[in-house]
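What follows is a single chain, given as structure tokens, in the form predicted alone.
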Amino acid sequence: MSVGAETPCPEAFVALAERLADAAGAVVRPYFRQPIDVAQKPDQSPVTIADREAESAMRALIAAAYPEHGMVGEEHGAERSSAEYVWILDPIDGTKRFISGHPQFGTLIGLLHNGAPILGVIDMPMMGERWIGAAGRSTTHGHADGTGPSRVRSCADVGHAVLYATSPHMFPGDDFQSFERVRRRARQPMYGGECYAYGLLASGFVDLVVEATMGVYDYLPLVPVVVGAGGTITDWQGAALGLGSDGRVIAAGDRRCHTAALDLLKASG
């Protein structure tokens, strides 16, 4: 199933999203494994010149192409967030990995139409991989050998699932016990990955991703990628993700696994 097939995402927007990913990668790569200053944001998460310059480069391209469009970015905030079309930007998803010299960090780019995600890109600038999901078309995966379709795999039971979460420390309060119910049931729980885990889910190598405390720029670009590959991605109540979601996300390649994991998350005790 492709995302929102009845209202396809214009190809010009897809082409722009690819240019944004190219521009962000061109900024970020020269800073990788170089001595750069790391600042702490008010939420104590790290930020670097690479994060800020990459987002600025993407914003400049959007403003030049579609000045009426809105933007919401992790580093430079929101502009025209009530516009018909709003771009969602995370220049480096996995800044802790980036500053640690680990290549598994990504750039996330999304586009909302009247609040609904219609375009998403997961780009891995140091790994040469890119997933693109857009309304009206199936998700693709590009890498050194070319570009082809990306498709989830069947996994009906959480007990058979490969499960990812970025960190066990991302679940505050009761959310940790909820996550633990899923983790204990899963066949192979794994940590790390950030956005890469969702790309692997879209490509049929991961079955389930459960996370919390995510920003809109962390999860909204993922929606078209996962759904366009045949998967399901919602909040922990099973509702569609949007600008007002609470940052708790569950994605699954198989809807049956998604339903079973939701039941575990919502169980008591």
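Just count from 1 along the sequence shown to find any residue number. Computed from a prediction, not measured in an experiment: that's the story for all the values here.
The same protein has a further form, the form predicted in complex with a further copy of the same chain, not shown here; the description that follows concerns it.
Participant: Decide if the three candidate residues H102, M127 and G192 all line a further copy of the same chain in the predicted complex, where lining means a heavy atom within 4.5 Å.
Facilitator: Yes, the whole trio is in contact, each within 4.5 Å by some heavy atom.
Participant: Could you spot which one of H141, R185, R137, H113 gets a heavy atom to within 4.5 Å of a further copy of the same chain in the predicted complex?
Facilitator: None of the other options qualify; the answer is H141.
Participant: Name the residue from H160, K96, R181, R151 that puts a heavy atom within 4.5 Å of a further copy of the same chain in the predicted complex.
Facilitator: Comparing distances to a further copy of the same chain in the predicted complex, the residue within 4.5 Å is K96.
Participant: Given the stretches 84-92, 68-76, 162-170, 114-122, which is the single one in contact with a further copy of the same chain in the predicted complex, using a heavy atom cutoff of 4.5 Å?
Facilitator: Going by heavy atoms within 4.5 Å, the stretch is 162-170.
Participant: Quick check on V206: any heavy atom within 4.5 Å of a further copy of the same chain in the predicted complex?
Facilitator: Contact with a further copy of the same chain, yes.
Participant: L200 near a further copy of the same chain in the predicted complex, any heavy atom under 4.5 Å?
Facilitator: Residue-level check for L200: yes, a contact with a further copy of the same chain.
Participant: I'd like to know whether R33 contacts a further copy of the same chain in the predicted complex, with contact meaning heavy atoms within 4.5 angstroms.
Facilitator: Contact check for R33: yes, within 4.5 Å of a further copy of the same chain in the predicted complex.
Participant: At 4.5 Å, heavy atom to heavy atom, what parts of 57-89 sit next to a further copy of the same chain in the predicted complex? List them in sequence order, or say none.
Facilitator: Sequence-ordered list is empty.
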